[in-house]
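We begin with a single chain expressed as structure tokens, specifically the form predicted on its own.
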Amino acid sequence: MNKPTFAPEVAPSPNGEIVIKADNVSVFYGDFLAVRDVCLEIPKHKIVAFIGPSGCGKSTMLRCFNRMNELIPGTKVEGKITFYETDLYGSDVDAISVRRKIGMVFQKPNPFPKSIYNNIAYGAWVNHYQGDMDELVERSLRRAFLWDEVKDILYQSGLDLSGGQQQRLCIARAIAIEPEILLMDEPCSALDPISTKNIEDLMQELKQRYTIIIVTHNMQQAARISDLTAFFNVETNDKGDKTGYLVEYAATKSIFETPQQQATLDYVSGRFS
């Protein structure tokens, strides 16, 4: 079994604070083992990229961090995932509360069929926000680099925006409820190069306030924006079932320039088969 390799420079973040820790995490869909034995630590205020071939469990692992996998019938998570010192799957932990702290941005922009203003305000209303709603909406849109583009059309539908604007609206919606972590599942895959650059620039700004974990098939993107990179691979059994596993997790520079595992070197150099 391939064990994950940790480069020495990864381990603590500058302030030594680890936000998420996965300890021997495996994920099953019914009897099917989708991901096995993942161990990694996510430092605060870093961008961590998950890379690897299709079917290697990147998105499955990402969804474990805010318990989104529970929405898929028959899913079972083994091992332990902690958010600071709290077991995210503890019997006394509410999944909805987890998702307030750990927000999600999906591959395809999915604004609500509501006004731009109400896209941002809705989550706050649901969570009984007591502050100034106008101020919250403006602050969230500013943090998403979208305010100047939409400030005069706040009551138009969010669906009228361009794809890149819609994705930034979804990011603004996610940060409006003040999470600590943003999960991003291929947030740029449906966007043009200019919109992609806008989202990447936005992520660099957002990591000053949030910890970001991104799944991407774009290795150049991972190299550009992430501080740490986790390379996942996949193995296929006799029945053709694919199980993902973590091969190597290290500083992004190490993964792309001096990886410790041959499979990682093959993947990042394009020799992966």
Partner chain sequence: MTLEYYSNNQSNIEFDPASLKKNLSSFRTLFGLFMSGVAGLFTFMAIVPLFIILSYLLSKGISSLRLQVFSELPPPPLVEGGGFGNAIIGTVLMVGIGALISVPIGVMAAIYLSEFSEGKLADWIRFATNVLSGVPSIIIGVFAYIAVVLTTRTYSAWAGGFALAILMLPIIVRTTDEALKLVPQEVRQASIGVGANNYQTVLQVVLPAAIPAIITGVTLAVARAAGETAPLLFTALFTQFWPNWGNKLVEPTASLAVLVYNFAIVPFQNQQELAWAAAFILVVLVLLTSIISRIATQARTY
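Residue numbers count along the first chain shown, from 1. Just so it is clear, the model here is predicted, and its values are computed rather than measured.
Although not depicted, the form predicted in complex with the partner chain is the subject of the following passage.
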item	value
Contact residue in the predicted bound form, chosen from L159, V77, L202, A190 - any heavy atom within 4.5 Å of the partner chain	L159
Listed residue (I81, I177, L136, L154) with a non-hydrogen atom within 4.5 angstroms of the partner chain in the predicted bound form	I177
4.5 Å heavy atom contact, I194 to the partner chain in the predicted bound form	no
Contact of M68 with the partner chain in the predicted bound form (heavy atom, 4.5 Å)	yes
Proximity of R143 to the partner chain in the predicted bound form, heavy atoms at 4.5 Å	no
Contact flag, V93 vs the partner chain in the predicted bound form, heavy atom cut 4.5 Å	no
Region of this chain that lies against the partner chain in the predicted bound form, out of 194-202, 99-107, 85-93, 143-151 [heavy atom, 4.5 Å]	99-107
The partner chain in the predicted bound form - contacting residues of 111-127, heavy atom within 4.5 Å	P111, F112, P113, K114, Y122, G123, W125, V126, N127
